[in-house]
Ligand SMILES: C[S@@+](CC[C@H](N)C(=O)[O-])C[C@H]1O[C@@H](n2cnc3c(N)ncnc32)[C@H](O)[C@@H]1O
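Heads up, the chain below is alone and in the form predicted on its own; it's given as structure tokens.
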Amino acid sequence: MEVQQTLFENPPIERAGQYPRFRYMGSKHKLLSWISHALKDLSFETALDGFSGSGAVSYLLKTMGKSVTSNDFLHFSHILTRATVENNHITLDDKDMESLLTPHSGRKDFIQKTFKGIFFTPEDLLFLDNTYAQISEFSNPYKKSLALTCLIRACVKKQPRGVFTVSGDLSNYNDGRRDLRISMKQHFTEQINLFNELIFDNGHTHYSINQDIFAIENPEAYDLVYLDPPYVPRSDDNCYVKRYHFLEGLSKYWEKEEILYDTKVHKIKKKYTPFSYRSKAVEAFDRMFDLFRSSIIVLSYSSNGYPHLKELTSLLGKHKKEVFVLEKDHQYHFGNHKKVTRSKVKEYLIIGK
């Protein structure tokens, strides 16, 4: 196994760098330049992003001229990449904007009732109910996904730290930021302008899917598979559903979601993934590497994860003739308030060919 310390900083691809940040746990947004530099010398035309998360790497792959399939087991992540990756042409025009901001006579009040006093003001909750009702009127799936993506990011911008684990009195988080002062409606309209600018056609067809990684059809169909699975958590605080349950629910208006009303923030039931359990993770990685043994495998991982680097490279070596590792110092953090916790790690790209 060869570990290469990469000290260069490749200039970021202009369009990929414009992709909005979602304050997503483990987001690779700040690493896009490094990732693109690592991928540029690999020979591939079709790519699967198996755990797309915020969609930043899927969008990067699209800017690199590849045919991209983007997958995540969270529905809201699927919505993000259907809007920005699968969608090659569709934007929201002035007529769409007008309809989205118009009162809907048949709107429900589920969000207003369920999250009263938990997240956002009564006016913002009403706006969410009304806007979701208007989005549901769109017949074009890309308009729906794009509008939902704008609504999701409006919620991220409005919520302190972008996570939905805190409720009630948020004065400790109110540091005067504009994001916390302006209305949900203003956030939403600003996001429409931002996301419209992201839509482009690179000449290929793309797909956004919402599957468990082991349910991917035709896994041998991809020249390259980029994998950024959840890390075995040191505590339950690393749970994606716990942090982003509101966004996951909003993306489908909580249809078929079990809401845990006994929790303070009305979380939804946690979704199972073997990557979240120390007793299951090693076997899950082995299965995943075997599933994509026909493709170039690029695994994104951090030094604070489990299994450890040596074990992962050994597992990948069972399925690949050549395995090498790129590493880079990196610092993750959430939010921008004064007491934000930062985590310094080694970020790895483990590549099997």
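The numbering used is simple: start at 1 and walk along the sequence shown. Since we're looking at a predicted model, the values are computed, not measured.
The protein also exists as the form predicted in complex with the ligand; that form is not presented, and the subsequent description refers to it.
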Query raised in the report: Quick one: in the predicted bound form, does every one of M25, G50 and S54 get a heavy atom within 4.5 Å of the ligand?
Result: yes
Report task. Indicate whether Q211 is a 4.5 Å heavy atom neighbour of the ligand in the predicted bound form. Result -> yes
Query raised in the report: Should W254 be counted as a contact of the ligand in the predicted bound form, where contact means heavy atoms within 4.5 Å?
Result: no
Report task. Answer with yes or no whether F138 is in contact with the ligand in the predicted bound form, where contact means some heavy atom within 4.5 Å. Result -> no
Query raised in the report: Within a 4.5 Å heavy atom cut-off, is L74 in contact with the ligand in the predicted bound form?
Result: yes
Query - Per-stretch contact check against the ligand in the predicted bound form, the hit in 37-45, 55-63, 311-319, 291-299 (non-hydrogen atom, 4.5 angstroms) - result: 55-63
**Report entry** Contact residue in the predicted bound form, from T91, T273, T165, N130 (heavy atom within 4.5 Å of the ligand)
**Finding:** T273
Requested in this report: Could you work out which of Y240, F119, F195, F188 is the residue within 4.5 angstroms of the ligand in the predicted bound form, going by heavy atoms?
Outcome: Y240
Query - Residues in 216-231 close to the ligand in the predicted bound form, defined by a heavy atom within 4.5 Å, in order - result: Y226, D228, P229, P230
